[in-house]
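Take a look at this one chain, the form predicted on its own, written out in structure tokens.
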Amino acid sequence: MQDDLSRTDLGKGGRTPTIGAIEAGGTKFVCGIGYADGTIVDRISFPTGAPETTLRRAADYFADRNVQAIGVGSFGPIDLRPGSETYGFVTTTPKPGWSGFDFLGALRRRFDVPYGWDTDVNAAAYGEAIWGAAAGLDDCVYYTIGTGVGIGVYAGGRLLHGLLHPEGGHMPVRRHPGDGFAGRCPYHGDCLEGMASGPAIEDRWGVKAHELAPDHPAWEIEAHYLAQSVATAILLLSPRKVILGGGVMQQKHLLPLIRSGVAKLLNGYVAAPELGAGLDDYIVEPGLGTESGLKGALALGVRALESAKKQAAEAGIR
């Protein structure tokens, strides 16, 4: 895995060079132009359609903008193994047309620049670690709860990949005793995503999440599943910060329910001030708001460019 640059390195560079950023979601693409200090100066968003059409539209956006690198945070699963024949591909996604698609290859045919490549949630975790709610920390977990559920992990100052990359949105969960919903994940049925994603809420209750009143029983059930996942992440990864983003988390009454559920599940076992009186500052909203993914993709692009410069300098020395 490529070494992460320090926050100081990412903060340098001012307003040059120009970096492209793509937050590739299953529902929409957000493309932007920015700089190494985290500033986004322009952006565009459009629905995620057929892969060739969608990538052509993204590439057209960057044409004639003189981007020096492009960072991509993509929905997945994706192949992050640099030596793999399918590095840069979307792999087993249920999204029609995208399984087995050479995402990076489509961009490389248009732009011969360094690329940063990671999952959309890892990108969001990275953005939050550099400029957001986890700035100054070496460990955080980022969740997106929306069309799907994804988990990004920043641990020891590095983005976690491992065998492939974290897919915590598909972990098994214990059912809420009052929930008879079968689950909607095409692979696992009643995994976390199958029970707690935005579409799962809509299928269960017949309306979109934002149409449900704050006192609707849906939110107790939703918090039941999300609190399990967060408690598991705390016990397994011991992050310094847990950040919950995505469309479902726009319902502001949900976060306190999740915090309460996590406290009950941990039951005082992990003795840390952050998990007691400091819980409100430990399980938090994204510090970058809705820009975590795009700014994280920007940071991936900056990292890729700096890595390419370093390799070129070392080659020159040799």
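All of these numbers come straight from a predicted model, not from anything done at the bench. Each residue number is its position in the shown sequence, starting from 1.
The following text describes the form predicted together with another copy of the chain, which does not appear among the structures shown.
J.: Closest heavy atom of Asp37 to another copy of the chain in the predicted complex, within 4.5 Å or not?
T.: Contact with another copy of the chain, no.
J.: Taking any heavy atom pair closer than or equal to 4.5 Å as contact, tell me whether Asn267 reaches another copy of the chain in the predicted complex.
T.: Asn267: contacts another copy of the chain in the predicted complex.
J.: Looking in the predicted complex, any heavy atom of Gln228 within 4.5 Å of another copy of the chain?
T.: Yes, contact at 4.5 Å.
J.: Quick check on Tyr282: any heavy atom within 4.5 Å of another copy of the chain in the predicted complex?
T.: Answer yes; at least one heavy atom of Tyr282 falls within 4.5 Å of another copy of the chain in the predicted complex.
J.: Only one of Lys208, His170, Arg108, His176 has a non-hydrogen atom within 4.5 angstroms of another copy of the chain in the predicted complex; which is it?
T.: It is His170.
J.: Can you pick out, from Ala58, Leu254, Leu275, Ile33, the residue that has a heavy atom within 4.5 Å of another copy of the chain in the predicted complex?
T.: It is Leu275 that has a heavy atom within 4.5 Å of the partner.
J.: Given the stretches 209-217, 128-136, 112-120, 150-158, which is the single one in contact with another copy of the chain in the predicted complex, using a heavy atom cutoff of 4.5 Å?
T.: Stretch 150-158 is the one.
J.: Could you pull out the residues of 91-113 that have any heavy atom within 4.5 Å of another copy of the chain in the predicted complex?
T.: Going through 91-113 in order - heavy atoms within 4.5 Å of another copy of the chain in the predicted complex - there is one hit, Thr92.
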